[in-house]
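The form predicted alone is given below as one chain in structure tokens.
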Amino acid sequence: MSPVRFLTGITTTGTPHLGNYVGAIRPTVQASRRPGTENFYFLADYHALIKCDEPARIQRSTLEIAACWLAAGLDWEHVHFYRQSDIPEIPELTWLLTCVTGKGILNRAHAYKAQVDKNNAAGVDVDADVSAGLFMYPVLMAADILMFKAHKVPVGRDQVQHIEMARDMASSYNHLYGEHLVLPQAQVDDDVALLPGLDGRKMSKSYDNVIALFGAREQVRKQIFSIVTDSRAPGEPKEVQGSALFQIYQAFASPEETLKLRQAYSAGIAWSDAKQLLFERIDHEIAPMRERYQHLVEHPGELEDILQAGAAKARARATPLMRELREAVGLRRLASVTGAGKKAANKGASLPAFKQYREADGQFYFKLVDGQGRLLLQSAGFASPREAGQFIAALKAGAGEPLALDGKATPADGVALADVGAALRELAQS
């Protein structure tokens, strides 16, 4: 039985903090050890260019995130661990996908719509601060996933749309050029902890409320002791509901340890004692990793060697697939065109063809064109690609005699039903 392929990436725009560790790094390291799986982990530095125009920051973030993953226990020799920009096949696949992706799909991307809404609210041009990179972000993400034929992509609920778009793009490519790409599935894990920050909001650098992952012990202790708590004095019972301190502790502690702290809250533990418990529990898990992290950060050449080895391993998969995809779309060496090949190509070019696609209204359409690309038949909208496909199959089965279009398709201007029927009979006989 073939292994299930999982793929995860982290954008290289910042230094990982405790929330990143609990929400992304620790779960992926644990997942990489599951039997029957094949795992791909990458540093999304192309994605970083969309969000950040500071080269030194992107380079430093790449270093720190790679070091964090390895320090946390990722076994790079048993997974595919690579830097996105080391795989030239990914931007090439991005272009192939761009050519089969409707603009209407990209118009619905959350990030693009959020910027448009922001611009509308500010009364400025709707495309202000919208780069082509931001608009095309979902295509690059789809290329990341489809390049390695990932079956599962662990994401938060706000990222499910990107996986659905990747499926749409893969379906469009496969419809035109044959079944080459695997349609991925989103894996949403609602049990992954989302840590609150020092002020109770989601832990985020944009809120300046983070706890450093591999900072010095005293720095981490100082940050933990700055967690906002209420004014209840020692001896007064305290609520665990809504307590950032308790939620962070729970993300690191065993069920038994969590129960003891819950009981201590009820007994009126002093906030300073609770914060000391949290610091000790976090340090117990993080301290053994800190030395490995510091070593890697101080020896970037060692990290570079690991990433280059990972890129070679990943490209062993990417290069053959890209060769196959190039061949499928017609990007081929001219020397391969023999006399027989020319004849076959001419015969194929002379055949009519159905082309199925999705429009911005969410409906699915098809058109019938002859061998010279002339439009013969245009469909109305269908609710699903399956319905459109069933109607096409019925037309082919009838071979154009008689044509029962039933308002679901219309001959193009200047095209007679006889032309459509002849094209269908030619398809049936090919």
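Keep in mind that what you see is a predicted model, and the values were worked out from it rather than measured. Residue numbers run from 1 along the displayed sequence.
Quick note: we don't show the form predicted together with a small molecule, though the next part is all about it.
In the model of the complex, the small molecule lies farther than 4.5 Å from every heavy atom of residue 169. The closest non-hydrogen atom of residue 297 lies beyond 4.5 Å of the small molecule in the model of the complex. Using a 4.5 angstroms limit between non-hydrogen atoms, residue 42 touches the small molecule in the model of the complex. Using a 4.5 angstroms limit between non-hydrogen atoms, residue 16 is distant from the small molecule in the model of the complex. The contact with the small molecule in the model of the complex, taken as any heavy atom within 4.5 Å, belongs to 137 out of 137, 249, 293, 354. A single residue from the set 325, 213, 282, 153 has any heavy atom within 4.5 angstroms of the small molecule in the model of the complex; that residue is 153.
For the small molecule in the model of the complex, the listed stretch (44 to 52, 26 to 34, 58 to 66, 388 to 396) containing residues with heavy atoms inside 4.5 Å is 44 to 52.
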